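The chain below stands alone, shown as structure tokens; this is the form predicted alone.
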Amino acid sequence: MMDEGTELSLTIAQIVQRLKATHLHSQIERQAKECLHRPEIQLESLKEDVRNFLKASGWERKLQNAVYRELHVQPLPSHHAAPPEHAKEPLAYMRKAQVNWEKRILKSLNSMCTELGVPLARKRPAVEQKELANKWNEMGTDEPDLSRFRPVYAPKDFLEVLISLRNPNHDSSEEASAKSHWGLIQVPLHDRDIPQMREAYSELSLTTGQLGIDDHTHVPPDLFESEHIRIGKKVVNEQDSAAAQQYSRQGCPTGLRADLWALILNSTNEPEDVMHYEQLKAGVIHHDLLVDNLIYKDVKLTASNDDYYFVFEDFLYQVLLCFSRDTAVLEHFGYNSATPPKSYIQGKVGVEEFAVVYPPNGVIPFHGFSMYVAPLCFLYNEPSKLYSVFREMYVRYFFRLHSVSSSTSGIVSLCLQFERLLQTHLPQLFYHLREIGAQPLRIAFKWMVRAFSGYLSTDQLLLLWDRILGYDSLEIVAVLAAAVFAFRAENLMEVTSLTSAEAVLADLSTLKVMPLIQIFLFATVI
């Protein structure tokens, strides 16, 4: 282990190194040089005066927000003797499972490519480019023949991979496992019990005001809400990412949510961000990728059939097509257990220097992927802003929902957390469902892999995502999944098959997120 001082200095060096390569660094440098001509800058107190100027003009706050983002996104420096793959995933058996899963995905993609005789990428003819540029804002009206294309994989395929995970060093003999875990996930990862969660999520307690709860016992709801909105406006005016994150733990008011989320994610939408989006758009217009068809197909199968999201079809195509071309996304593979898939230039298969990352962002979309973007369309109607917020949400949170890792926010931990909560606090229900062949995780997995998008009503989903951002963790998703089972426990105890259990939990659109989470965490008898 490194001592705290060494770790801190390494973290600082790493952040300084990363920020030096950003546009913000050159902007601050330019401001510092320009302010030298100002009369209040004295030579004898130069350093102090320049610092005061940057503070007064808001640049110091921008720098603080950038540092705060780095601290949340980048992994902490690992021990100098640790191999580089440890930054991606410390457990060897998890790394191996992820590699095997990636091979399956790539094989599926390549076989589709061969079967259909469709190239992975091609340059569009000039006529097609012009046509696409003209209908950019109404791509939903296009009806390409997608019948031959199929999603590369669906969440249920991924669940089978997680169920088969085993730690080779762990004793999984009958005696050891009989008393430990009845669920499908059989790996020994750390999870929190309810007392630890009560401590971690203290702002969600029954005595604290929340947006998303209609009746406050101590403070009338409208009084709490107006005060909460007043503080929210102040947080937005201060432009402080850390304050915005703390604030969103109690929920974001509808009118301020878009600004607060962008602030937490440090998603600024500066002219260079708009330019970056336009360059990605040009990339879509110039080249056609096989994954474009997978994106079209996914939107048609999911969001287009959803009562809340079908109106955003055009936005979804724009954002997802641009996302697939964005090489800046590749950066997150430094701390993601996954590795971007590679393909070879035609006729050069197997020759390493002709290998290229495909798709350019390294992410192959799966069935339901577009639902990560859909809820954000309610908050942002400017495509470049919507795009930068989605990309930041993806590289912070969503990638963890479809890669095999031991991260506490990773899907394996969420599944285990969900099963343990249910087994500990509703053992009869868990045992009953298990006995009739309706393992709870088989029902809840699809909710968790999408962070409940497409299952809850939009206002409730946004209240849930407020807390994901507020606590910088996806763990609350597993808590909600367990709370839904607890809420429907009485009906579930009556069912006799997986199909009837699924029917009881088929419609979650009427559920209220915050009361469910509060009751489960703070009113459960331990």
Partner chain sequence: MSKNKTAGYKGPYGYQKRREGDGRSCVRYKCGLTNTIQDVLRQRPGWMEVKDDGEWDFNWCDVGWLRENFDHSYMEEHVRICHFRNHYELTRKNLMVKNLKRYRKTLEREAGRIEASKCDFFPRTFELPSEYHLFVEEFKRSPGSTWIMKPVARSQGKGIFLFQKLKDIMDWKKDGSRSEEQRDETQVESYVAQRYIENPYLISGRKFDLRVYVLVTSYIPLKAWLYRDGFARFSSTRFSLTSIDDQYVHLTNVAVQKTAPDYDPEKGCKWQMQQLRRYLTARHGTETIEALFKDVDNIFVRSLQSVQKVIINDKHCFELYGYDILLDQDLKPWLIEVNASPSLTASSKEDYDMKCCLLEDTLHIVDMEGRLTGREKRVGGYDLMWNDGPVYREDINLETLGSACFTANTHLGCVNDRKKQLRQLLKPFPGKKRI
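On a predicted model such as this, the values are computed, not experimentally measured, just so you know. Positions refer to the first chain, counted from 1.
Keep in mind that the form predicted in complex with its partner chain is not shown, yet the notes after this line are about it.
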Please pick, from 279, 428, 114, 305, the one residue with any non-hydrogen atom lying within 4.5 angstroms of its partner chain in the predicted complex. 305
Partner-free chain; cross-checking its partner chain in the predicted complex, the single residue of 445, 158, 455, 312 with a heavy atom within 4.5 Å is 312
Would residue 255 show up as a contact with its partner chain in the predicted complex if we use heavy atoms at 4.5 Å? yes
Touches its partner chain in the predicted complex: residue 383 (any heavy atom, 4.5 Å): no
Within 4.5 Å, heavy atoms only: does residue 378 come near its partner chain in the predicted complex? yes
Residue 150: touches its partner chain in the predicted complex, heavy atom cutoff 4.5 angstroms: no
Using a 4.5 Å heavy atom cut-off, which of 297-305, 430-438, 159-167, 413-421 contacts its partner chain in the predicted complex? 297-305
Tell me whether 138, 141 and 233, taken together, all sit within 4.5 Å of its partner chain in the predicted complex, counting heavy atoms only. yes
